[in-house]
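First, one chain by itself in structure tokens, the form predicted alone.
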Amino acid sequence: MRALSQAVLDERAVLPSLHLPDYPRSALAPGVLHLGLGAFHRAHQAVVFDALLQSGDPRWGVLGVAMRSTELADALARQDGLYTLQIASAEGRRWQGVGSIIGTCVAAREPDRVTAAIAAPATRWVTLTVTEKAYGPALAAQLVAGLAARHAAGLGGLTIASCDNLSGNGGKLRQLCLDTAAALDTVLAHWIETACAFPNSMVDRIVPAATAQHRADAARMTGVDDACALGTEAFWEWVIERHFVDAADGAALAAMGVQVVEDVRPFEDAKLRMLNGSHTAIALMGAVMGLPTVADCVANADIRWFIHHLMADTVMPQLRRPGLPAYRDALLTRFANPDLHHKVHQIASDSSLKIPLRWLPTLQTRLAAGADVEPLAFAAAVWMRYLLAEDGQGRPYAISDPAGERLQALAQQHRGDVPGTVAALTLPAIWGDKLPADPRWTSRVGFWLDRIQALGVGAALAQFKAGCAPNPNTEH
């Protein structure tokens, strides 16, 4: 079986039902430098850039830069940057060939090539998916070196768009670059500040790790061997603020389905509290109930009802994102997608770090307004039960959390003592300074933890759904 390549593409030696790039790739110069070549970029921004190229706009070819690992960059190079993407939804699976990546390199191996690419006259954009943990001196040094070369060459500024899961990502990246440049050259720092644009953005698409099955499925579908095949869901979002060096880029992106907005924060808040917050609740329930994946959890009618109730009645009233009901329904559809194989224990990891970001803002706002917090009290009780590190059938599981040993020890120490467990695990580092002393919160967490310990999560959830809980404003 032949390997995927431009020559194979030119011969159309693949099934005609596969959507293929048909623009002149060999004539393209990279207009986008992407830092953080990996599965997410290839299933998200690269697909948008592919659509722009398909539309006849040749400025969006991508030089994909892996930060350290050489394997993917070299595998893509052998395939002329081509790969196939499986898109799975309730309607079935379809395959798409993506051709926007026209070159690859590795920053750790070829830093001078990255610097030169940032300074290349054809380069217009830099995009990043390097993970939020990488926003430090090494990233700043690489970007500023390229921008310094660009400034020295007398070229214009760039749009530098972070696509990492970091609130205010563009502003944070801008400040990082300005601080680094200012330590080298105040003139350079001023040029970056005035000539470059750092829009905040929010991206969303579930992209599981590529597997051998993807490669086998791609071979069966296309008749060629694609070492870089991967899969994703049909849903995707890219919301970006209207702040570009070339103002016309906003219209070009919007024509491909990108949402270009004045303020990305309402979209960030909705994703964090609805998608991420629901994911954590689902994963904790699934772990204790012995359900392996998010799709398995959402197939449970009571869990699906609970997540709908949590989003619609507790989280959404505090949010400003347009079209919240449609967004909620889209999330439920995504959670139910069995092709994603999102494992609950993976999503439940680091819960002590996630809960303050995903649940706490909603809790604080609703308690300040005297509003109901019952679904989050139930979820918090499930988390406390989860920390016992065994499911409802007594099967042990590992807890992956930086505070996991301490939290598990506290849960075991107070096992069977509901007030003691609530007091020990309602920690200010997780729940803030006020909640541990607020009986409107602690009493409801204690009530549901007692029900969970007595009945199990499934039966307690059924009781919650049936409305059997006492009024949340009364003592029990």
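Every value quoted in this text rests on a predicted model; they were computed, and no experiment measured them. One rule holds for the numbers: they count along the sequence shown, beginning at 1. Here the rigid core means the biggest group of C-alpha atoms that line up within 1.5 Å when the two forms are laid on top of each other.
What comes next is about the form predicted together with a small molecule, which is not displayed.
> Tell me the stretch among 152 to 160, 301 to 309, 271 to 279, 212 to 220 that has any heavy atom within 4.5 angstroms of the small molecule in the predicted complex.
Stretch with heavy atoms near the partner: 271 to 279.
> Is His342 one of the residues lying within 4.5 Å of the small molecule in the predicted complex, judged by heavy atom distances?
Contact check for His342: yes, within 4.5 Å of the small molecule in the predicted complex.
> Does any heavy atom of Asn165 come within 4.5 Å of a heavy atom of the small molecule in the predicted complex?
Because a heavy atom of Asn165 falls inside 4.5 Å of the small molecule in the predicted complex, the answer is yes.
> At 4.5 Å between heavy atoms, is His243 in contact with the small molecule in the predicted complex?
Contact check for His243: no, nothing within 4.5 Å of the small molecule in the predicted complex.
> Quick one: does Lys354 come within 4.5 Å of the small molecule in the predicted complex, counting heavy atoms only?
Yes, contact at 4.5 Å.
> Looking at the small molecule in the predicted complex, is some heavy atom of each of Val203, Ile206 and Arg358 within 4.5 Å of it?
Every listed residue reaches the small molecule in the predicted complex, so yes.
> Which of Leu291, Ile347, Leu363, Cys228 has a heavy atom within 4.5 Å of the small molecule in the predicted complex?
By the 4.5 Å criterion, the partner-contacting residue is Ile347.
> For Leu272, is the CA shift between the shown form and the other one at least 2 Å following rigid-core superposition?
Yes, because once the rigid core is superposed, the C-alpha of Leu272 moves 2 Å or more between the shown form and the other one.
> Any CA movement of 2 Å or more for Arg150 between the shown form and the other one, core superposed?
No, the C-alpha moves less than 2 Å.
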